[in-house]
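Shown below, as structure tokens, is a lone chain in the form predicted on its own; questions about how it binds or moves come after it.
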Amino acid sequence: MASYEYPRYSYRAPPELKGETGRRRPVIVVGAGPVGLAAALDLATHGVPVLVLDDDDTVSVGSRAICWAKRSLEILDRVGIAAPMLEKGVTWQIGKVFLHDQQVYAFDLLPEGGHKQPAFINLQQYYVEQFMVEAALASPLVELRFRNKVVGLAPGANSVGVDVETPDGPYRIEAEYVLAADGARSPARKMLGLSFEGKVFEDRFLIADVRMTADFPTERWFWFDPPFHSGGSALLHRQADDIWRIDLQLGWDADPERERQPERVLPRLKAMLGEDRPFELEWVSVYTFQCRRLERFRHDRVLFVGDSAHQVSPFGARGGNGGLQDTDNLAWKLAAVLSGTAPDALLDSYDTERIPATDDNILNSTRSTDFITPKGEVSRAFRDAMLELAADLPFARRLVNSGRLSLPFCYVDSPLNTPDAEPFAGPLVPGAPCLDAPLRTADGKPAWLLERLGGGFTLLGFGAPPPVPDGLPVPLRTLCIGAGHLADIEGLAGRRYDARDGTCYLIRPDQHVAARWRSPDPVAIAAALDRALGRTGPLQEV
């Protein structure tokens, strides 16, 4: 590809091939894509050594995942990846929907300010992986082994045997836990004989990256039945390096191999972009919508994350972003179990929290697909009527679905939550992801709330520091917004957290709310922390 030079990472013969006895690793991650690398980097922030095994020696070919949501950037900011992504990527928050050649309406994904991270950035997956590999290579707790292909998993009572093939021969290594992050075709899933249930939609889409100079605004444009692609849909996104992502609906009868050929692709792109606009074709693929998942994500000591656990259609950017929320949910729990501060049962909450999140992604992805590719005259008539009404009527815009874009999931039914005992307003119920807000330190420096929360258990107090119990199983930081502490310079933190003097939140390491009080006491705080760690409550009752 002209716009990107693929790095080649060195292969080194593993010590196990030299007769050295391989020590049991706490965690082995299978797959060095964005999800697997995010898991490794997150575990390293919790002090867990990680071995990452990948059968390749470079990053992914083609731009693949490009849309990274605000929540993903907040997650990646904690492991030091968000800054280079923001510097290289293209920031956007406006989307526009067209019917034929007329704009129907526009939407703003982050109408309210006061957030460190933008609504979305567009950045090719190969850059994201490159930044992650560089961070992993710099970490003393992450070991990356390229051209180490996992060919077998042997789960046992206390460990998992991992069989690996290399250019110099095979070896076996043991891990206490294995994270399978090896993608939608997941060999690990096949090794365990697990079924991947769901729906394959009868439609095909062309995805093409083109390099061109264009003055189109940095927005998401989606067309229904445009004049340049009659009867289908089209999507346009700007990426870094003057690369533009184009998706074109082809129909179920399209031959994937034939449609990848330049003589088929170029006329379609010229019809869209104009005969006189110069461009270079960078990457082409044809895909079929699929919405599938494993019945369970945890299989004893093997845990599946990202596309190995679930797969959704690309409209809505729910695949990669959902995978990063998987690792965000799992890493701190695995670290707590490995350190002995939480029981193994805490890992069961990975299923109880992320399976509903996945089902929500699948539901939204399925609805998007049904709207974009209506089957039958009645469905198409309804869709077109909603599009025509949406130009003037806000209620109809809520029914238009060109891909509901990725949002963080609220674990409202999680067994780790402590229910409210006092009235609160607003969205930050137990289980909800925290919201950011601009702050100022006592010495006048700007700060952000999510930055200050960090990646451990934190008591967030308003007005006065909250009481910290003695004898807790894990460190519990305190963060206070009030006189003499952090200043809520725009009042956003107080409004977003429905705070008054004395209000206190217990925040999990993944920055989801575990509990909240108007007048907290040490006994209640200690009980809520035990519940969030799975030491008491429903997980212990199973």
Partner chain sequence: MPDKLRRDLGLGDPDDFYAALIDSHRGLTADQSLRLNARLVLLLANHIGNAEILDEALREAQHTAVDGAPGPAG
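Numbering follows the first chain given and starts at 1. These numbers come from a predicted model, not from an experiment.
Just so you know, the form predicted in complex with the partner chain exists too; it's not on screen, but the next bit is about it.
Of the candidate stretches 400-408, 79-87, 450-458, 185-193, only 400-408 has residues whose heavy atoms lie within 4.5 Å of the partner chain in the predicted bound form. Think of it this way: in the predicted bound form, the partner chain has a heavy atom of just one of 157, 378, 138, 425 within 4.5 Å, and the residue is 378. Shown without its partner, this chain lists 388, 168, 413, 344 as candidates; in the predicted bound form, only 388 has a non-hydrogen atom within 4.5 angstroms of the partner chain.
Residue contact check for residue 462: none of its heavy atoms lie within 4.5 Å of the partner chain in the predicted bound form. Among heavy atoms of residue 383, some come within 4.5 Å of the partner chain in the predicted bound form. The partner chain is not shown here, and in the predicted bound form it never comes within 4.5 Å of any heavy atom of residue 265. Among residues of the shown chain, residue 207 is not one whose heavy atoms approach the partner chain to within 4.5 Å in the predicted bound form. Contact with the partner chain in the predicted bound form holds for all three of 99, 371 and 393, each having a heavy atom within 4.5 Å. Heavy atoms closer than or equal to 4.5 Å to the partner chain in the predicted bound form belong, across 448-482, to no residue whatsoever.
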